[in-house]
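The data below hold one chain only, encoded as structure tokens and taken in the form predicted on its own.
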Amino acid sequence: MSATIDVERLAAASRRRRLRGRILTHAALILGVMIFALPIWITLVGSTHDTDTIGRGDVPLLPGGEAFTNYARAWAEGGGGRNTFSVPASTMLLNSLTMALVIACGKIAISLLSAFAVVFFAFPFRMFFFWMIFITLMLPVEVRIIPTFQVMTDLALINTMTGLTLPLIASATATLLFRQFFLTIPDEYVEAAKVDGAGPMRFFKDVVLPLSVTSMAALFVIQFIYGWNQYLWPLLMVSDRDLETVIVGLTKMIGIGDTQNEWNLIMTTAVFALLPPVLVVVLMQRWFIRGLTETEK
């Protein structure tokens, strides 16, 4: 009888420990979410108040009644500084979206082809060229940016979308990841394609691409956010306000003195800038996780 009671007490104590552990874990997670979400919440709330409320230094924690006016004005007219020329948020978002999509799709296309050539073709100095691509990972962007800018100047691509995106399309990281994945494709697939009379491009289209869908989706999310968050290169390449991206535009919306800044419109534009990457991550979350976790195809 006493042994049964002891077992029940031990089980009850174990349940209490597990319950305390879950409570502490959830409390820590909730605290972390609150810490990270607080600046976003303040931005969302600030975008719903008028200029005077934010200009007084108040930090409201509840939404105001100027949301429609602020978002409509920022979308159609821009804002942020009373003495500066404003670019509409719609124009900046379109430029950033175009840049991010071209960079992401271009990186995936070029990396797929280069990794396919390195893995499935035998040609002289194959690994030499691969390692030359890989070595570029060791060079910071700042080291390459001056000669790249000079090349774009010589090609008359300053203030063009081509000059804004073309130098950022090549990706050693994506090439390396696709190469490692292609090495896992069984040799039997290659032999079967040869028996069926399939050429290299048909094998690439009918076998390699379908197997690479999840990896492409994961890389698309990463490269889209990479292209969307670009700041230094667009800052150097573009002086035409019609080609300004939203990340650069946000910094230019902040004037010299606090009294010149329309912080409600700056926060509204920041909310606009948050939406596309968040939507891409949310909509492609399942593909993104599968692309990062699946190792056997």
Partner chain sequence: MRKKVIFRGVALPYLLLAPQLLITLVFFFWPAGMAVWQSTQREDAFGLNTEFVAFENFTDLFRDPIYLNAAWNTVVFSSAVTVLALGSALFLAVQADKHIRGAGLYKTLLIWPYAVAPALAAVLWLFIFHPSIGLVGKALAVIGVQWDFRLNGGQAMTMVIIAAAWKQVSYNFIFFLAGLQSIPTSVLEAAAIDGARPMRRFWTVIFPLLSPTAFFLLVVNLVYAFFDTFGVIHALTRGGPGNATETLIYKVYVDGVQNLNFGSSAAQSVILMVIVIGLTAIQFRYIERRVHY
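Since the structure is predicted, the reported quantities are computational estimates derived from the model, not experimental observations. Positions refer to the first chain, counted from 1. C-alpha atoms forming the largest set that superposes within 1.5 Å between two forms make up the rigid core.
The same protein also exists as the form predicted together with the partner chain; that form is not shown, yet it is the one meant from here on.
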Name the residue from 94, 158, 102, 119 that puts a heavy atom within 4.5 Å of the partner chain in the model of the complex. 119
Does any heavy atom of residue 68 come within 4.5 Å of a heavy atom of the partner chain in the model of the complex? no
Counting only non-hydrogen atoms and a 4.5 angstroms cut-off, does residue 88 reach the partner chain in the model of the complex? no
Closest heavy atom of residue 199 to the partner chain in the model of the complex, within 4.5 Å or not? yes
Does the partner chain come within 4.5 Å of any heavy atom of residue 191 in the model of the complex? yes
One stretch from 148-156, 70-78, 94-102, 212-220 that, in the model of the complex, holds residues within 4.5 Å of the partner chain by heavy atom: 148-156
What are the residues of 28-42, in order along the chain, with a heavy atom within 4.5 Å of the partner chain in the model of the complex? 28, 29, 30, 32, 33, 35, 36, 37, 38, 39, 40, 42
Given a core-based superposition, decide whether the C-alpha of residue 232 shifts by 2 Å or more between the shown form and the other one. no
